[in-house]
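Shown next as structure tokens: one chain only, the form predicted alone.
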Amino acid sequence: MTTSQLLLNGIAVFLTFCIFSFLYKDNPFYKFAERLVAGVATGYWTVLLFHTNFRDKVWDTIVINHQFIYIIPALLGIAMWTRFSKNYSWISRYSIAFYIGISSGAGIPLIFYAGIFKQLQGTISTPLAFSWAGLNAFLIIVAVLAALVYFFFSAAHKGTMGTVSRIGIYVVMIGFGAGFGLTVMGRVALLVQRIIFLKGYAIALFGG
């Protein structure tokens, strides 16, 4: 490992320990690393959005390709910055209204397609049969219906309705537990990778 690599990795190690210091208590080292990450991320995304969005989709489109219709969305984007002015912040409401309207029109069909139609297709795509795949498909259908019954509040959860809704509670709890477990394992994997990085730096620095 070269000297420059050792220096850069040493900075990474120092910032790693600054973040880990929060496990003891909130301190200036953690605040420094936290603000550094926020500042670097903001600067990085600002430059990235300038080169991948503003220059290609606004500047080149209007100035070079002479598609002046794009002046309208450019002005709406500039109007968003009036949010920082007390006297002219009302102008940004027009941009926000356009943004919410267009996002809703484009997003609602996608949400219905991905969140409802594709979910229904995935629920009933496997045919019921006397096999492990058929049993799995049957359990999925029962679990989905039970969860839907649990969230059906137009009728009292008594008798058969109450029994099915209780099964729905277990289904929801299993789903939340699986999601939480996946999140925890993902964070543990990040921690393991960071420990491996620290171990590799120590070996490169002191030998092993």
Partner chain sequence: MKREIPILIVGITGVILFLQYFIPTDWSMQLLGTSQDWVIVIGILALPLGIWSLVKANIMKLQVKGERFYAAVLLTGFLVMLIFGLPHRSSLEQGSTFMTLFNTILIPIQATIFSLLAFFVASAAYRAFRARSVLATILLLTAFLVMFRWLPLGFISTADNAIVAWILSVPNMAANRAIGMGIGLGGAAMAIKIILGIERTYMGHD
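Just so it is clear, the structure is predicted and the values come from calculations on it, not from any experiment. Note that the rigid core is defined as the largest set of C-alphas that superpose within 1.5 Å between two forms. Positions refer to the first chain, counted from 1.
Not on display, but discussed next: the form predicted together with its partner chain.
Asks: Is M161 close enough to touch its partner chain in the predicted complex, meaning at least one heavy atom pair within 4.5 Å?
Replies: M161: no contact with its partner chain in the predicted complex.
Asks: Answer for F153 alone: is it within 4.5 Å of its partner chain in the predicted complex, judged on heavy atom distances?
Replies: Outside the cut-off, so no.
Asks: Would you classify A74 as touching its partner chain in the predicted complex, given a 4.5 Å non-hydrogen atom cut-off?
Replies: Heavy-atom contact with its partner chain at 4.5 Å: present for A74.
Asks: V40 near its partner chain in the predicted complex, any heavy atom under 4.5 Å?
Replies: Contact check for V40: yes, within 4.5 Å of its partner chain in the predicted complex.
Asks: Which of the residues spanning 115 to 154 lie within 4.5 Å of its partner chain in the predicted complex, based on heavy atoms?
Replies: The stretch 115 to 154, when checked against its partner chain in the predicted complex, contributes G115, I116, Q119, L120, G122, T123, W132, N136, L139, I140, A143, V144, A147, L148, F151 at the 4.5 Å heavy-atom cut-off.
Asks: Compare the position of the CA of N87 between this form and the one not shown after a rigid core fit and state whether the shift reaches 2 Å.
Replies: Shift of 2 Å or more: yes.
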